[in-house]
Every structure is written in C-alpha cells, then in structure tokens.
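Consider the single chain below, provided in structure tokens and representing the form predicted on its own.
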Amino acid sequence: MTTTRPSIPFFPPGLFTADRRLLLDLLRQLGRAPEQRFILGEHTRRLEQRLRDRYGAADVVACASGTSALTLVLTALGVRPGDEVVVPALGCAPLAACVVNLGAVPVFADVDPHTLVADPEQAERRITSRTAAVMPAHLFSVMADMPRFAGLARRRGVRLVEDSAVAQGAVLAGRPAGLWGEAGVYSFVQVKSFGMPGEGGVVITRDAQLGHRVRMLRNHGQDGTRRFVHHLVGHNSRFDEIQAAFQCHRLAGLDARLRRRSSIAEYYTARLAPLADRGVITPPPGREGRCHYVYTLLVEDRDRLAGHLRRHGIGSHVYYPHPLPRQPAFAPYTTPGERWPHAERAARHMLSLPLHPHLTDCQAEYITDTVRAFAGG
C-alpha cells in the first residue's frame, strides 16, 4: 500500500487567491478612471494615513520597495560618501548595499548567538569617529534590543535607523517596530506579514520633518506643491495606486493574520523546544518583541533535516547561507582576518520552517511531528 505524502511548500502559492476578484476590479476601476492616476494618488494617501493612525507615527511614506525605503532614510539623514554605518553581519543584502550605494562604508557587527539579531555591545565596539548611523535589523521572528540601541545612539551621538522590514506588527515595551529609531521601514513583498502581489514598502517615523524630506526624495526631490520644482536631488521610489487600494482593503485582516502566525509559532516552540539537547534549537518563546515572519531553527545537522523534511513533503528554506561580510560584494569593506563567529555559525545551521496564515492545524502538527521524528523526539 502506497502512502501519499502531504505537500506543504515553504512559500505558499495561493496567498491572494481569495482576493483575486477584488484585484481585478481595482485594475479595471483605476484603468478606466478619468484622472488616470496610477502612482501617488488618493489610494496611496489613504494607505499612508491609515498606517499613521494605526501606529501613532508622525509620518508614513509609501515607497517602491523596502530597499529603496532604507536608501531614502539614510539619504534624508545626511549619510554621505566616506561615512560609516554599523549594520549586522547576518541579514539580507540591502542592509549593506544601500549603504554602499550612497558611497558610505558598511561596518559589520556580530549578532547574538540565540536571537540572531544585532548585538548592541558588538555594534558599539564598531563605532568610530566616522560613524554616521547604526542600523540594527529585526530578523526572522525577533526584534533587536531597541531600548539598548536607542541608549547607545544617544550616548555615542549617532543616528539610529531601524530595519524593521519584516517586523510590521511587532511591539516591544509598548512601542511598535519601526518607531524606535529616527525612522524605520516596512516591506510589502508578498511573503511578509503585510505582503502584497508586488514590490513596495513604507518609511515610518516619529519625526515629521524627516518624513517630509523622505517624501520629497521619493519623487525626484519635489515637495508636491509645484511640479517640476526640485528642492533636492531625489529618486524615483513612487508607490503604485492599484497596490495601495489593495493594501487598504487587506489592512482590516492584518491583525487576524498576525495572530495566526503567532499561534503557529508558539505551537512550534512548545513542541520543538524539548529537542534542544538533540541539536535542534528554537527561537526565543513569547510574543513580546516578536514579529513571527519566519520561524527559524538552529540545527546541528541542517542539511540532513532539510532532506528529511523534503522526503516527507515539507518545504524548508535556508536564509542567508553566508554572512554579509563573507559575500563577494561586501568583502572589500572588511579587514583580512576579521571574524563574526556567531553570524558565521548561524549561517551554517539556520533552517526555516513554513510559517504563514494559510497553514492548517493539521499541517502544523505534521511539520512538528516530522521534525521530532528526525531528532528522535
């Protein structure tokens, strides 16, 4: 008798299936509208206002991507060629690339060995007289220690930028992710917590003047009062009206989707935490300062577990198999012999399990059963 294995892909293929009719209707509606406004129109303004109200921000500025949002923030803060920006050694390429693209120098700080986010003590050791900013990033399901980073920035007189691209909905000490530094960003790439079928993101800030400067920079340096008057040398990072209307619709369901992510993550931790002495380490438990975007294990034999999951029909994913300073693109910004032991070890052992609101209870149980069977639990 042949047993059919369930198929649980890591990236769910049908995230927006239920909204397909709405998306088509929005396309027709905006395509036939007499004003023919496809970027930075009323829907974008409405989305920005709803997010400002939701998070208590002074400003929210919708941009073409989370990456461009980071670039706009660093530009608005005056990061110049030759400046240094301290970033985590573990994370996605834009952390360092947006610094390099401004002519500045990324300086890599090691991460905490368990939470995998930037270690404030390691970051402070990297600050020099040339440091313009420190840019911690929230990673996978854990916010960085923003109270300590905020204290560090005040004490050392540097700007604090929060790469909160994956952390929309996370809260630490009563303050939302993105509002600890002078500015933060959210990304709307489809698999993120407020994902959409395309690129996009926002800058979020408690500083209205900084928000105004970002707003000009995203649209070729124009301030919106008179076209073709350019106050700054800006960028083209404008938001799509169809996507803005779509996100306004989906915002109402965001809290429910976040709760579902959190409950699945808590279930994973409850069932997998006992495997720590067998080479499977779960993320820190709880909901305080947690974003539950990706659920990432540290596994002694990562590749063997990935193969075991695959044979049982479960997709997994290895994020960041190399620390940023070990990437060919960023190696020129490092010193020979320099080490980031926690980031390097994490890169060898990280393995992410499926985590999205469409997972059923049965699928979550099957995933954890399969991991436990691998570890002999």
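It should be emphasised that the depicted structure is a prediction, and the values quoted were computed from it without experimental measurement. Residue positions are given as counts along the sequence shown, with the first one as 1.
There is another form of this protein, the form predicted together with a small molecule, and it is not shown here; the text below is about that form.
Q: Go through R213, K192, R159, R302 and name the one with a heavy atom inside 4.5 Å of the small molecule in the predicted bound form.
A: Filtering the options by heavy-atom distance leaves K192.
Q: Note which of L254, C92, A273, L102 lies within 4.5 Å of the small molecule in the predicted bound form, where distance is taken over heavy atoms; exactly one does.
A: That would be C92.
Q: Mind checking whether each of S65, L70 and L139 has a heavy atom within 4.5 Å of the small molecule in the predicted bound form?
A: Checking in the predicted bound form: S65, L70 and L139 are all within 4.5 Å of the small molecule.
Q: Going by heavy atoms within 4.5 Å, which of 181-189, 216-224, 278-286, 203-211 lines up against the small molecule in the predicted bound form?
A: Flagged stretch: 181-189.
Q: I'd like to know if A144 sits close to the small molecule in the predicted bound form, meaning any non-hydrogen atom pair within 4.5 angstroms.
A: Residue-level check for A144: no, no contact with the small molecule.
Q: Does any part of W340 reach within 4.5 Å of the small molecule in the predicted bound form? Heavy atoms only, please.
A: Result no; W340 lies far from the small molecule in the predicted bound form.
Q: Might Y55 be said to contact the small molecule in the predicted bound form, defining contact as any heavy atom within 4.5 Å?
A: Output for Y55 is no: heavy atoms all beyond 4.5 Å of the small molecule.
Q: Just to confirm, Y320 within 4.5 Å of the small molecule in the predicted bound form by heavy atoms?
A: Yes.
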